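The chain below stands alone and is given in structure tokens; this is the form predicted alone.
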């Protein structure tokens, strides 16, 4: 791998994840978060030379909502500005590419999704093939149920296995003050919850929430001045599969496997077991099991089996704030490696593998490798 520019995460802040914040608009939610993230990185807005937001007008229920947040991200003095109609994890990737091109040295990445002002079930239907699948009225729960059913038939995992995965994440989420569900629940209790769409029970699905997030990235030379323990990006890659869910194998994630392979090669590591922490953007227990297979992790069933700690944050199963869920995985990697994870911190963690997903049934996947040391010298 040829030498690339060292880029680090140096600051992060987020608003509380709630089901609904009726007292604030998206810009009002984001403003204090941007100010806090900059303060955490010990910089002012004038020190930032690029900014990018990840959001969706459809999710927010307001036309051109992304233009409103420019005022709180900083419309003056003017800097390069961009927006992706994706989870803000992809906005972070765009910033990383800009820094590799030496078009900027310090940037902020904002995510926001005021889902209470829209209709997520209807909006997420629009991610499907418009001719054959969206017209059926499918939503993200029904397609996830199709995926879970196919995976269970192939792997032999049963309802109790899904419950175990959900319970383990809920136990981890109980230690995370920044997530939405903060109460541990046993697998047996989760199995008693009613089906939403079989085989997915209410206890196996996360609440859809809203929040605002802001990540600060900086290139080598500036990063060290902004953070006492910057977390360096060692590798990253993202891949996309067919939008048509009938045209791909829902029981595996080929795009995650390829993205991970390329990210590991960029990072100069053999595989996921070279990390101490893994954060997966899985919104159902079946998705987590599929992602574990793609990355080469133990199944997670039947107790601990060594290897890295998976989802110490509680994963998206404890909070799924649209447009922010993936960026929160990246933020958790930063918190873990910089000693900011509090009670859920993994002792001695020096490398993290972070995953984010978009679309139905793991259609789009991005994998990051983070480390406490610079990658290139």
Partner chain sequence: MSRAVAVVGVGQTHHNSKLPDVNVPEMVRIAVDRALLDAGLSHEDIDAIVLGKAPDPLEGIMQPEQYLAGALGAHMKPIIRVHTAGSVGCTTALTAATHVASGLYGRVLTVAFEKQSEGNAMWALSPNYAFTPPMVAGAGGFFAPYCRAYIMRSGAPSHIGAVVAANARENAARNEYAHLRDPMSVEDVLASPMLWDPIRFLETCPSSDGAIAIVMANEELAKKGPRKPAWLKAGATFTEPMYVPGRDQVSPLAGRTCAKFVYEKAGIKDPWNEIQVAEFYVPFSWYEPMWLENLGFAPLNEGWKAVDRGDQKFGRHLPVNPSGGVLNTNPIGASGMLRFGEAALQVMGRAGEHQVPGVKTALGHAYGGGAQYFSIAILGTEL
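Everything quoted here is computed from the prediction, not taken from an experiment. Numbering follows the first chain given and starts at 1.
FYI, the form predicted in complex with the partner chain isn't displayed, but the following is about it.
Stretch 74-82 is the answer when you ask which of 156-164, 74-82, 201-209, 292-300 has residues with heavy atoms within 4.5 Å of the partner chain in the predicted bound form. For the chain shown alone, residue 16 is not a contact residue for the partner chain in the predicted bound form, no non-hydrogen atom being within 4.5 angstroms.
In the predicted bound form, the partner chain lies farther than 4.5 Å from every heavy atom of residue 265. Residue contact with the partner chain in the predicted bound form: residue 43 places no heavy atom within 4.5 Å of it. Interface residue remark: residue 320 is not counted as part of the site for the partner chain in the predicted bound form, having no heavy atom within 4.5 Å. Checked against the partner chain in the predicted bound form, the residues 97, 121, 136, 188 give one hit for a heavy atom within 4.5 Å, which is 97. Contacts with the partner chain in the predicted bound form, taken as any heavy atom within 4.5 Å, map within 333-370 to 358, 359, 363, 364.
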